[in-house]
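Quick heads-up: it's one chain on its own, the form predicted on its own, in structure tokens.
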Amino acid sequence: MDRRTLLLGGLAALGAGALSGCSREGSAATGARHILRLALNQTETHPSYIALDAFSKSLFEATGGEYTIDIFPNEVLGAQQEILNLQRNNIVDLAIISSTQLENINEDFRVFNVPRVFDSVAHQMDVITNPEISGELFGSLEASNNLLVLGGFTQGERNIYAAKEVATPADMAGLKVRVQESPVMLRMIEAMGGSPTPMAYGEVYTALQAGVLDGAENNEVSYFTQKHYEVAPVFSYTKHLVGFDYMVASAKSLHDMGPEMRAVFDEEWGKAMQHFTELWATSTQEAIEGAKAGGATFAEIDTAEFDAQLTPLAESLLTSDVQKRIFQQTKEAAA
């Protein structure tokens, strides 16, 4: 029996225990009365883990030892679709989930996945933390799925990298560019002039090396940590998308905290989002410096020709009144 099976079996048993919600009683390591279980697909060195670990400690202090968070990194509890099912069944309390996963549950989450919806990370975080814009959407999965969205962490600006500079859609012609398996991502690369190629993230380096791919799109941190700069040495700032990972909670777990503890939780979580944003900015600069030392070139380009293709695409992808309203509010917030 592997470690993941043992973990899930143990969590399921805890979830069926006497405590309300998914919190579990007592911990010799932390002394907290209730421990919230959080699933993460990143490593212990990623800014996500670092920010969440600090959040766990601050929550313990702010609640007087009532609550803390047990983080399960490295996708040890399973893929994100599996995690969402565990949350629906009150086995996992919290999880960092990619934006495309939520779009698969409620298409209105698409509004934050389309290109050019955000101008920058700062604009993105202003919108994500503004309940007048995002509040209704973030609460839309509670009744049907027992899920609440609590904001989340930026993925930073996503850009194109390849063996050559990409300054215009003409430079993208014929380029096989790796994308996540999402209709929005596919249409985005097509609009930019390239040939979108869905592929698992872990296969990208080898595919670039072998010529199966000509390029990929991602942020500077992923570009550096995955060593993609070794096989795609030119990073062009197309800034076509500002990505996002959501913090998703089991709604029952949060309700069972009670209003006083929930208020403390929300306050500390707000600090954690700010902490992560600061960590991300530092990690991005370190990644740029590291990739440059490894031979990479970072090209600042005029994005006007890409804008002309991506802005109408974004608007065409919005199919519901909710999406169109949130998109308009988001663009207005940038001003």
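In this text, rigid core is short for the largest set of C-alphas that superpose within 1.5 Å between two forms. Just so it is clear, the structure is predicted and the values come from calculations on it, not from any experiment. Residue numbers run from 1 along the displayed sequence.
Absent from the display: the form predicted together with alpha-D-glucopyranuronic acid (GCU). The rest refers to it.
**Q** With alpha-D-glucopyranuronic acid (GCU) left out of view, choose which of 171, 245, 157, 108 has a non-hydrogen atom within 4.5 angstroms of it in the model of the complex.
**A** Filtering the options by heavy-atom distance leaves 245.
**Q** So which of 222, 129, 146, 197 gets a non-hydrogen atom within 4.5 Å of alpha-D-glucopyranuronic acid (GCU) in the model of the complex?
**A** Looking at 222, 129, 146, 197 one by one, just 222 meets the 4.5 Å heavy-atom criterion.
**Q** Suppose contact means a heavy atom within 4.5 Å; in the model of the complex, does that hold for all of 120, 274 and 330 with alpha-D-glucopyranuronic acid (GCU)?
**A** Checked in the model of the complex: no contact with alpha-D-glucopyranuronic acid (GCU) for any of the three.
**Q** Answer for residue 180 alone: is it within 4.5 Å of alpha-D-glucopyranuronic acid (GCU) in the model of the complex, judged on heavy atom distances?
**A** Judged by the heavy-atom cut-off of 4.5 Å, residue 180 is in contact with alpha-D-glucopyranuronic acid (GCU) in the model of the complex.
**Q** Although alpha-D-glucopyranuronic acid (GCU) is absent from this view, report whether residue 58 comes within 4.5 Å of it in the model of the complex, heavy atoms only.
**A** Because no heavy atom of residue 58 falls inside 4.5 Å of alpha-D-glucopyranuronic acid (GCU) in the model of the complex, the answer is no.
**Q** Would you check, heavy atoms only and a 4.5 Å threshold, whether residue 42 touches alpha-D-glucopyranuronic acid (GCU) in the model of the complex?
**A** Contact check for residue 42: yes, within 4.5 Å of alpha-D-glucopyranuronic acid (GCU) in the model of the complex.
**Q** Can you tell me whether residue 80 touches alpha-D-glucopyranuronic acid (GCU)? I mean in the model of the complex, with a 4.5 angstroms heavy atom cut-off.
**A** Answer yes; at least one heavy atom of residue 80 falls within 4.5 Å of alpha-D-glucopyranuronic acid (GCU) in the model of the complex.
**Q** Only one of these stretches, 64 to 72, 34 to 42, 265 to 273, 289 to 297, has heavy atoms within 4.5 Å of alpha-D-glucopyranuronic acid (GCU) in the model of the complex; which one is it?
**A** Flagged stretch: 34 to 42.
**Q** How about residue 260 - superposed on the rigid core, does its CA move between the shown form and the other one by 2 Å or more?
**A** The answer is no; the displacement is under 2 Å.
**Q** So, superposing on the core, is the move of residue 216 at the CA at least 2 angstroms between the shown form and the other one?
**A** It does shift by 2 Å or more.
**Q** Relative to the superposed rigid core, does the CA atom of residue 161 travel 2 Å or more between the shown form and the other one?
**A** The answer is yes; the displacement is at least 2 Å.
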